[in-house]
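Encoded as structure tokens, the following chain is the form predicted alone, with no partner shown.
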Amino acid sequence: MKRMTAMKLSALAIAAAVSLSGCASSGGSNADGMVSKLGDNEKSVSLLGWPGYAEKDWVAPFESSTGCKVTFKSYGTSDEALTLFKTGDYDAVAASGDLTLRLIAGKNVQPLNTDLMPNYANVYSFLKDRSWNSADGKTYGVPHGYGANLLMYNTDVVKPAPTSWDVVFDKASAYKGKVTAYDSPIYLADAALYLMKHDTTLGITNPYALDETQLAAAVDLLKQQRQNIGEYWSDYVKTGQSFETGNTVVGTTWQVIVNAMAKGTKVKAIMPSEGATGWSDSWMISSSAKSPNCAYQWLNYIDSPKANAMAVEYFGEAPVTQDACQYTSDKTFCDSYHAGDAAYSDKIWYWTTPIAKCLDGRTDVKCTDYQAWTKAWQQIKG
């Protein structure tokens, strides 16, 4: 099973500042709480992640090589993951960018000593030390996989072939009732990205850093779009079927949806001229992990070439190391997902939780947090 549900975020307040020093007992710790060396494995590790992130094919070799027996629980939304992880029952969690800052701000995860994870050195540099997996110069998450939210369209119906997101915004009325969009407050960033390129007077430089005026503009754009939406999607199988039947002809998609379309379906997916939003999921270790040594072993293992290849191919996203590409069963997989293409990655604005402290560096205004985004999304959908 791959990612079957969308991330639906609730109205949780996000801390305005991110300054932490989480810790967990291991072989030794630095003054700031970061593990300095590993100790003996604890024989077990409890993991929390998206469905398909810890399957038997790659879990079994890990257990055999480390002696750490894995227990894994999957979740369907980032809100569910937050609730579960805060119980303290899990040593590590695979979190998307709409959750990671909440975990960091809540001191639920610890800063990582990446020197203790040799495979991290081979992770693509463009996925390291980013706003969704790092804070205060410290790394809190190691990458698992990544992908873009693309524009898909029916080649028989949508003409001329689009090159811009304008086909789902300013020109969406031409396909009224057959336009689709991702069902989550994070979709406001898609509107903000479009406005960033088409209405420069708003001064948007980061689609996840919106002041009240900028957020209002994104809301207005999505309210206009709402009149043309046939359905918002949260299940990628169902949205693929909707494209196959012709009930949907244009809207947001994932590469895994494109690859799974029935043979003969006349659709195409593109990276529009404005770029796109996307995700880069990270494994993070609990600040109160009961098995920190095994957790470190898991984070190192999941970035090893064979394990990462199996995990991302099963799930449907790009691997985080080039070496993983030689182990995918589909030898065109990495090309299909633009793995390692830094220029392509630069076009993706990876999901990052909006917080009151503006992520674009502004200090003269207060930005809107996810609580405001969630309220706005409820207003848009009605």
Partner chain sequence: MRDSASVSELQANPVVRVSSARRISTLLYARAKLRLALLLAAPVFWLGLVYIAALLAMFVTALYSVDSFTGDIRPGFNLDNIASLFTDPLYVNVTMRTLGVALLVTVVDVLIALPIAFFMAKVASPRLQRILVIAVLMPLWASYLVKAYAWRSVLSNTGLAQWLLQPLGLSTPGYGIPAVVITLGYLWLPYVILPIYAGLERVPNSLLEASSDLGAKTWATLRLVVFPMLVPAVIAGSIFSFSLSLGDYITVNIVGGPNQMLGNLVYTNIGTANNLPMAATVALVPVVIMFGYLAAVRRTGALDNL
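In this text the structure is predicted, and so the values were computed from the model without any measurement. Residue numbers count along the first chain shown, from 1.
The form predicted together with its partner chain is left out here; the points below concern that form.
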Exactly one listed stretch (162-170, 266-274, 209-217, 182-190) reaches within 4.5 angstroms of its partner chain in the predicted complex by non-hydrogen atoms, and it is 182-190
ask   = Counting only non-hydrogen atoms and a 4.5 angstroms cut-off, does Pro118 reach its partner chain in the predicted complex?
value = no
Decide whether Ile285 counts as a contact residue for its partner chain in the predicted complex under a heavy atom distance cut-off of 4.5 Å.
no
- Task: Consider Arg102 of the chain shown here, and say whether it contacts its partner chain in the predicted complex, taking contact as heavy atoms within 4.5 Å.
- Result: yes
Answer for Val237 alone: is it within 4.5 Å of its partner chain in the predicted complex, judged on heavy atom distances? yes
**OP:** Give a yes or no on whether each residue among Thr77, Thr245 and Gln379 has a heavy atom within 4.5 Å of its partner chain in the predicted complex.
**Re:** yes
Its partner chain in the predicted complex has a heavy atom of only one listed residue within 4.5 Å, and of Gln224, Gln255, Asn113, Gln241 that residue is Gln241
Residues in 346-382 that come within 4.5 Å of its partner chain in the predicted complex by at least one heavy atom, in order, are Ile355, Asp369, Tyr370, Gln371, Thr374, Gln378, Gln379, Lys381, Gly382
